[in-house]
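Given as structure tokens, the chain that follows is alone and in the form predicted alone.
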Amino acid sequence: MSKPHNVSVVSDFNAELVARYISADRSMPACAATSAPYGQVFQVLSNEEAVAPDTVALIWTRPEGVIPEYAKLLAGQQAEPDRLDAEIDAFAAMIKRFASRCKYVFVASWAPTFHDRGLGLLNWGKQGAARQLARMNLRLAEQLGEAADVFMLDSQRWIDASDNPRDRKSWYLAKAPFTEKVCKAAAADLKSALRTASGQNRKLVVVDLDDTMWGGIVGDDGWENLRLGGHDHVGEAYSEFQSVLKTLVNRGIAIAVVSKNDEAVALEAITKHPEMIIRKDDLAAWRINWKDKAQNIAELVEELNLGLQSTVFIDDNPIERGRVREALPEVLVPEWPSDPSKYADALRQLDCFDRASVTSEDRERTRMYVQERERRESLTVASSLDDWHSSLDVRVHAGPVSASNVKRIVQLMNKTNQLNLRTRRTTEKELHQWLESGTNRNLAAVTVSDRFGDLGLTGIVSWEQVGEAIEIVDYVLSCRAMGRQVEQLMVHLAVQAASRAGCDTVIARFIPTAKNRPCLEFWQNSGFSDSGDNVFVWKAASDYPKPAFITLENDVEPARHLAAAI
């Protein structure tokens, strides 16, 4: 088991309870949290030795405790807008300097510390506290949005989790303005944010059909009589649930169907029902038959080249949920309400689909799965695998790291498990530091397309020169690009780099995990010599050929780093 994350809670109030809840929360990843000295926000943020380099920080402050001009406003005085902005900018700059010494920094948005009508009718006027606080949060978010690995959390969610969120007596006794439920919600949100930032979010939601996606049994009732939309409160509830699913599709979460039904009948409903929101083109895959749902899910996930740990299963039937939960423990199976009017909110409240960033590849994920289905269908009519490869017209662009692709690169490194040489997890800052701290280090970002469409940035290969050898450090390929010999092309890039550098050897050191067996199998069949202990070697005097059917556009240059990207 990996060691717990060190979490430092930095606050201008007594946040000891928050730290305790973070440490006690049994969800992964494990954390050991401490609270910084009470009221020492500026001292901690400006102290270069206050945190270790791998620290995760939660900065949770009262707006009047760190922004003096806002405190004046609450006291009934006129606030100077320019001075207010300058204080926010200075606070944000201090956080960004502090963040350069941390792994991740999470900053709680500002919320009113106590109940106050303020100016009443004028509270959203120019000098109203509500208006100014909203503007302050927006300005802080804009300033921090420029920094890598710094994220704002919505503290209003924590406050809404409690019927009685504020306690003035607790403030007087312990300088803790918020009640226990608020602190517990803050701890849970911090753990969720940490999972998201480190790439542990879910990518696929598998949904049942009858009484889950729509009301009724399509095989008995016919698609015309399903309860979906229309002037029916139950039908409206199912429509709203599908709308939330569609929102997930637009954010890059794949949707699939597993249902005990006749496939032709179910697909006819999806195609023909006029109120249907989720259509076939929104589905990455489906298994509609009378087989065991756990077996269907396992086969479907394998077809999509995903892991079970990336999957969520939603079904109205508690027996089916229990079966999948028992048979496939890596799949998240949330308890599901019996009332369809609560389906949409239940889906909205799942935190497993959160994203640290949404890339263009994310937004196009479902379309890419549909294209992959078309590719598989084309394979069935090809006379041979080589003919199929040639027919794809595969084009690969290998380019340097840039501001436009660094988030996707980090996302791939943190989420890809199967074809991953070392499974090195990193942040944007750490990737930047690695490229800049060593000599002769480089990274190629591989973007793939073919006649069916664009697969996006799907591969990473990085290397460094060690003596007379080029050592491959990162070798990562998304599951959706596997099997097109992009694997060999990435090795070709590393061997080319060795030749340019005058090195005589290329080395790949495989570090095994529970999930990267496919990567080991690739290297065992790569043509590299196996020198033992999972170390594979190639003599750079011999060219490592590029697959003939792949068109390569290569603009990776030596020593092209991230300086302009971060």
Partner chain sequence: MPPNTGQILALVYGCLDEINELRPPEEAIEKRPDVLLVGEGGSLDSLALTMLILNLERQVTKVSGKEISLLDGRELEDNLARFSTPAALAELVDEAVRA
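Positions refer to the first chain, counted from 1. Just so you know, these numbers come straight off a predicted model, no measurement behind them.
This next part talks about the form predicted together with its partner chain, which is not shown.
**Student:** At 4.5 Å between heavy atoms, only one of the stretches 169 to 177, 111 to 119, 263 to 271, 239 to 247 reaches its partner chain in the predicted bound form; which one is it?
**Tutor:** Residues of 169 to 177 come within 4.5 Å of the partner.
**Student:** I'd like to know if residue 17 sits close to its partner chain in the predicted bound form, meaning any non-hydrogen atom pair within 4.5 angstroms.
**Tutor:** Contact with its partner chain, yes.
**Student:** Residue-level contact is defined here as any heavy atom of the residue lying within 4.5 Å of its partner chain in the predicted bound form; does residue 375 satisfy this criterion?
**Tutor:** No.
**Student:** Is residue 184 near its partner chain? Define near as a heavy atom within 4.5 Å, in the predicted bound form.
**Tutor:** Residue 184: contacts its partner chain in the predicted bound form.
**Student:** Given that the partner is absent here, does residue 220 sit within 4.5 Å of its partner chain in the predicted bound form, heavy atoms only?
**Tutor:** Flag for residue 220 set to no.
**Student:** Looking at 164, 437, 338, 349 here, can you tell me which has any non-hydrogen atom within 4.5 angstroms of its partner chain in the predicted bound form?
**Tutor:** The residue in contact is 164.
**Student:** Can you pick the one in 13, 21, 549, 544 that has a heavy atom within 4.5 Å of its partner chain in the predicted bound form?
**Tutor:** So the residue touching its partner chain in the predicted bound form, by this definition, is 21.
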